[in-house]
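You are given structure tokens for the same protein chain in two forms, set apart as structure 1 and structure 2.
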Structure 1
Amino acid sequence: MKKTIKDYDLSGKKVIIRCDFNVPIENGIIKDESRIKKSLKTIRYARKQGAKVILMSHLGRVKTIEDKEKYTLKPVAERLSKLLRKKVKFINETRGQNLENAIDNMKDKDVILIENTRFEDLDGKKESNNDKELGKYWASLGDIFINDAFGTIHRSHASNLGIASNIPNGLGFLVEEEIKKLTKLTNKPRKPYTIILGGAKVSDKIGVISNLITKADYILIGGGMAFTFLKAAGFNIGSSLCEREKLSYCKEMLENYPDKLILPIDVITATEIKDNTKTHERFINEIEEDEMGLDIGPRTLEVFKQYLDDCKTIFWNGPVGCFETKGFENGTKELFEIITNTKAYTLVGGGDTARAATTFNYENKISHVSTGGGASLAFLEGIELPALKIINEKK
């Protein structure tokens, strides 16, 4: 068992909490604050125990100087202040005298939020490559490190693995809960067990299939993920999302698991991703050259339903269509209806998939909505997660 925040006396200690505040922000406005809300339990507990609370998080991917304005955590500090009813001091730097002074001046129960950890990526990807000096420096700012960012638990970054390598550490309540819920799927899941995969991060996620297929009875594939498989199966996919380097992998998977990998038989197509644009319902051998497949069709939903109806365990990552755009939301919405009408233990993971659950009002009907997409997939694969492994074991 891993140590948790409860295993430490936090009173008067500087406690660094790595949160997942990777929320959608447009023009300074937070579009979905559910990740912030889910981190409150750990922050509130640390304050109640009398800790000096130092919060860190990444936000988006920071590649250029211009990205800094788009990906500042300042709006999160403001939102957090309201939710905690306590001023959260925002430090617009990731290192330096100003930050160190602010921490030195903290009183018990004070809260500080440090700027986006990925600003350090502008200088040789120090955060994302777990630069040893950076991890050591951040660790030097606190006494105890608590990892409460499940979304990045599968990454080896300076702000998780790096800090944890240097000071006493444990898990926050959010990560503890995620692990408890996901373990239901790794430790003898009730069968039949079906996984639904979709979404747009195809190259990131397609590789997990070879591992997951040995654990689940079926994998239903929708969303952007489906089209590389459909192309590998010989269909013309028009301008749909396709990962060319993965075609031979997909072909091999389809040959090895013809009865376990289930692909769409029809899709909704259009020539642009725009609200209420003209759409077509096509069988997968009818997609035209200038069209993109942007949702699964009604016949595919019928097929998927047959695989899901009598399931005891269902995991879903990645929307099966561009659910944010009017005209392509039906597949994702109907799939929520189908899975929430089964008797299965239902676990849905991923930032966008979770957002779809909220958008269509299904979040309370699902057994567990995970904050991590890639992270939950990696956990289910059973591969080693260094940022989790490094956390101290209970004696």
Structure 2
Amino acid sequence: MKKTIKDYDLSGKKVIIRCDFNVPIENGIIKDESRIKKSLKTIRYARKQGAKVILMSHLGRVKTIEDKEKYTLKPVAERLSKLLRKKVKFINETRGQNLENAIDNMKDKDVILIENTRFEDLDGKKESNNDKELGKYWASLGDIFINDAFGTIHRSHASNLGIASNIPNGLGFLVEEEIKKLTKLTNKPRKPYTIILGGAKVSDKIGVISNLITKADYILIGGGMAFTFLKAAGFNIGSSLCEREKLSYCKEMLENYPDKLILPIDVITATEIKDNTKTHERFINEIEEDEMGLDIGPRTLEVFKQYLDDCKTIFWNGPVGCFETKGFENGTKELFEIITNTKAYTLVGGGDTARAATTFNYENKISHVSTGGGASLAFLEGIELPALKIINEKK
């Protein structure tokens, strides 16, 4: 078993906590703070134990100097201050004398948030490529490292793998809970077990489809990825999203598992992705050349419901439509209604699906909403998670 924050004496120690504050921010306003709130338990515990708390996180993908203004963590520091009822000192740098002085001057229970770790990506992608010197430098700022960012547990970054390679380390409460909940899906899940997969690309889901097709009873396919499967099945999909390089894979899976892979039978189409644009309800053999499918239709929901009603375990990753756009939100919203009215253990895999759960107020009706979309898929695929593997084992 991996060490956790509870395995260390934190009193007077400088504790670096890698959080996942990768939240949507528009014009300085946080649109969904659920990831911030889920980090509070670990932060509060560290403070209660008398630690000097140093918080780190990435936000967005920083590719240009202009991105630095857009992806600053300052709004997160301000919101954290209110949630913790404690001033969180924000350091708008990722390294340097100002940062080091601020940490040296910390008192027990103080909290500092360091600027977006991906600002280091502007100089040779040092964060994302796990630059060894950067990992060593960040590790030198603390005594103990706690990884509480499940959303990046499958990545080899300087702010997780790099730091953990240099100082004593453990898991935070959020990551510990994520692993416990996801293990329910890998360790003899209760049957019937149905998986819902959506999102844009088949390529993002190949690993989980191939690994779980023999373990799950059914896999229901929606979202943009459904149209690559439909094209492989011989349907005209108009101008819908299609990964042509994955057509042979989809065709092979449909031939090998015709009774397990369940595709939409009708979709909502339009000629553009725009709020309240003119839409059409089409059977999948009726899609016109200039139309693209942007949501599953009502008859597909009826079919999916038949597979879900008696399930004991349901895992869902990827919205089944463009839920952020008015006119294409119904499929995702109604699917939440269906699964929350079953008696199944329901787990939603992070990212856009978690955001949809929050948007439609179903977050508290799901057994577990993961904070990591790609991380949850990687875990279920059974592939190695570098930032988890590096964590010290209990003796």
Ligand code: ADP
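Think of the rigid core as the biggest set of C-alphas that the two forms share within 1.5 Å after superposition. All values reported here derive from a predicted model rather than from experimental measurement. Sequence positions of structure 1, starting at 1, serve as the residue numbers.
S.K.: Of these two forms of the chain, identify the one that is the form predicted alone.
M.R.: Structure 2, not 1.
S.K.: Look at Gly234 and decide if its Cα position differs by 2 Å or more between structures 1 and 2 after superposing on the rigid core.
M.R.: Yes; Gly234 is a residue whose C-alpha shifts (by 2 Å or more) between structures 1 and 2 when the cores are overlaid.
S.K.: Is Cys250 one of the residues whose Cα moves 2 Å or more between structures 1 and 2, with the core superposed?
M.R.: Yes, the C-alpha position differs by at least 2 Å between structures 1 and 2.
S.K.: Compare the position of the CA of Asp104 between structures 1 and 2 after a rigid core fit and state whether the shift reaches 2 Å.
M.R.: No: Asp104 shifts by under 2 Å between structures 1 and 2.
S.K.: Taking the rigid core as fixed, quantify in angstrom how much the C-alpha of Glu288 shifts between structures 1 and 2.
M.R.: Shift of Glu288 at C-alpha, rigid core superposed: 2.4 Å.
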